[in-house]
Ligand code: ASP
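Below, in structure tokens: the form predicted alone, a single chain.
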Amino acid sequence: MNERNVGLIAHGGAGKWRPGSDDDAVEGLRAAVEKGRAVLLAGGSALDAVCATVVTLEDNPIFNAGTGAVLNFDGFCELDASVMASDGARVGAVAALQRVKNPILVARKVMEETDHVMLAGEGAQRFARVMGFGDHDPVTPDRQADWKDKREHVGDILGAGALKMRKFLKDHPEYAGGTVGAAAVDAKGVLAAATSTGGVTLKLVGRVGDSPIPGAGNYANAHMAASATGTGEFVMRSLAARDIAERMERGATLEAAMGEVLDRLGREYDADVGLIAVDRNGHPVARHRTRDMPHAYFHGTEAITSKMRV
């Protein structure tokens, strides 16, 4: 087994984390990456590694994915997730999925058990039950209290026009939901990415972000695997993850490609976003335009590094 080229990187959401939460976020990422690292160093696949990493983050209520996901306008969770592997461009995704513990595993089942790429809403939930995923309420008391507070001040948040919502989110980036994701390459050279999110607090019922969209918030091909976080509407419009891959196909390094894509997102949209990726040699890279983006990574047999910001 070629351990020198394996690598994995994960993020816990770009934005501005609440004061005092840094240590918990960084330690949560370290624990999640340790799960994925154990898979890769035991000879496991990149897909198994990113799923193990993201499941750990979904089960940690401080992150906005799975248990602890933010609530939509009507007060319940709608979860988006996707997985992608470079061998065969395999993809599976779920959108607006309710009442499951680990949406990333349901997305993987869509990839492995159906001819489809994405299932959404009620259909995704029915599929999850058929696949053996039991009923689970992901709403935590902290998220419930936060939703209640935001609903009571919804007039101040939304105002008379939608443009005020963007100004509010820019002035108070800690309000946005965030996302979790991971990217890895295994000893066989297969790359994979996994991304999961609850979206944005008070989002309209049925809103789908970038996380389950191949090429937008999640992508893997022969050159790289990537996961995005931040304002999903801008990531979708720019197909940010696929843009990184295309620049690498033209000869750019991963660092250069990510830097160029992030510059483009800033120039064209002034977007609050973050990106993580790993190349086929296992080299991990993280970049973000927000104050914070907790992330952790390792390469080869190196120890795990975890940080709140680049």
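These numbers come from a predicted model, not from an experiment. Sequential numbering from 1, following the sequence displayed.
The form predicted in complex with the named molecule exists for this protein as well; it is not shown, and the discussion that follows is about that form.
Partner proximity in the predicted bound form, defined as non-hydrogen atoms within 4.5 angstroms of the named molecule, places exactly one of 199 to 207, 119 to 127, 134 to 142, 99 to 107 at the interface: 199 to 207. In the predicted bound form, the named molecule sits within 4.5 Å of a heavy atom of residue 229. Though the partner is left out of this view, residue 82 does not reach within 4.5 Å of the named molecule in the predicted bound form, counting heavy atoms only.
Although the partner is absent here, residue 218 is not a contact residue: none of its heavy atoms lies within 4.5 angstroms of the named molecule in the predicted bound form.
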